[in-house]
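First, one chain by itself: the form predicted alone, in structure tokens.
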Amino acid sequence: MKRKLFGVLLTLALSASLLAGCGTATKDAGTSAGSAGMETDTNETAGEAVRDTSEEAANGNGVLVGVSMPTKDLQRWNQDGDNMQEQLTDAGYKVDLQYASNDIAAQVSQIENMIANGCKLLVIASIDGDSLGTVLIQAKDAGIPVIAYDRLIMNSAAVTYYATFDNYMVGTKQGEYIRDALDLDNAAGPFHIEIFTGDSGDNNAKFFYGGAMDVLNPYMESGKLVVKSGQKDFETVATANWSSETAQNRMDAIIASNYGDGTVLNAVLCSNDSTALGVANALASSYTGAYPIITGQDCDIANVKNLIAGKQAMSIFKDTRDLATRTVKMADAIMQGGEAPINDTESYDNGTGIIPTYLCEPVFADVNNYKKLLIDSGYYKETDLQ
């Protein structure tokens, strides 16, 4: 019921924003119990959108696929772009891979060029999920299927499928890690915590935040967890562009106002590694108390080094190779005139309806298991982390 409630609230919030101007997932916004882990090939709308391209595109056959990534500034998007390009090329496609430098207008222009240049399929990781409606009308009118990659594109009927990780589970794992590390069910407390999530225009940030807060809120309500800064609501703790510098500046201010008197900061909930890196930098420059638990996501190299050094407690590992593999399978199915493999048909409503989705499962990495997850799997070389 909790998961259903979160989904209802999130849907209401999305509806309100429209009226104002326009690894299990969330409680209706992540993997539902009835759909997770069960692949299905039933999606009539998606099938209707792509039937005209089947003869030309069987088995790749040199068909041009446009891949739009938000930025090169974060390590993970470079890995996503490289993985998508490599796997699509191996499957026989031509690839137009573009990065938009976190500039919405640039991303729109790049997608327009992909359409004009004859791309038969678009894979898009959006900068802002609400900002691509106009250009995607062009894609829909041209009969070009669209796969939203890792970030759900909102309020567009052009979105055919969504491929992502279980984003609510990401937040849940982060919240559970803090709960268990502080032994909140048994320890007396109170413990102090601060909260950093991602860009408010990234739909995933709401899921990360929601999953974690559903775990931690009961302890906040009981007074066992205290947000000393008072900064708790999503809009206040959101970090524009997931920027490390922005997170660092905000953490500097929080430390100066709340922890300069010797108050111990016990934990910092960070939704991803770039915000965690900013928080760690601020702690290094201006915090003198016992070091807090810091969460993260993506297992970026700098953060894994911090994990090894004891400056970050954990990070969520999302193997982007798996996500790329699933996305290429979707592309193959679409280009052959079929329906893509999915495992969630209830959770992700982009404002125009439920988007058929494939969810990959995230896992958490810490100092005890990072070698198995990251080095033994070939994701990194051991020298990368030295």
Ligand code: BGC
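Source: prediction; values computed, not measured. One-based numbering along the sequence shown.
We do not show the form predicted together with this ligand, though everything after this point is about it.
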Residue within 4.5 Å of this ligand in the predicted bound form by heavy atom, from 191, 177, 77, 291, is 77
Quick one: of 206, 151, 120, 250, which gets a non-hydrogen atom within 4.5 angstroms of this ligand in the predicted bound form?
151
Would residue 315 show up as a contact with this ligand in the predicted bound form if we use heavy atoms at 4.5 Å?
no
Close approach of residue 259 to this ligand in the predicted bound form, 4.5 Å, heavy atom
no
Close approach of residue 242 to this ligand in the predicted bound form, 4.5 Å, heavy atom
yes
Touches this ligand in the predicted bound form: residue 202 (any heavy atom, 4.5 Å)
yes
Using a 4.5 Å heavy atom cut-off, indicate which stretch of 136-144, 183-191, 297-305, 81-89 touches this ligand in the predicted bound form.
297-305
Determine the residues of 257-276 with a heavy atom within 4.5 Å of this ligand in the predicted bound form and present them in sequence order; the list may be empty.
272
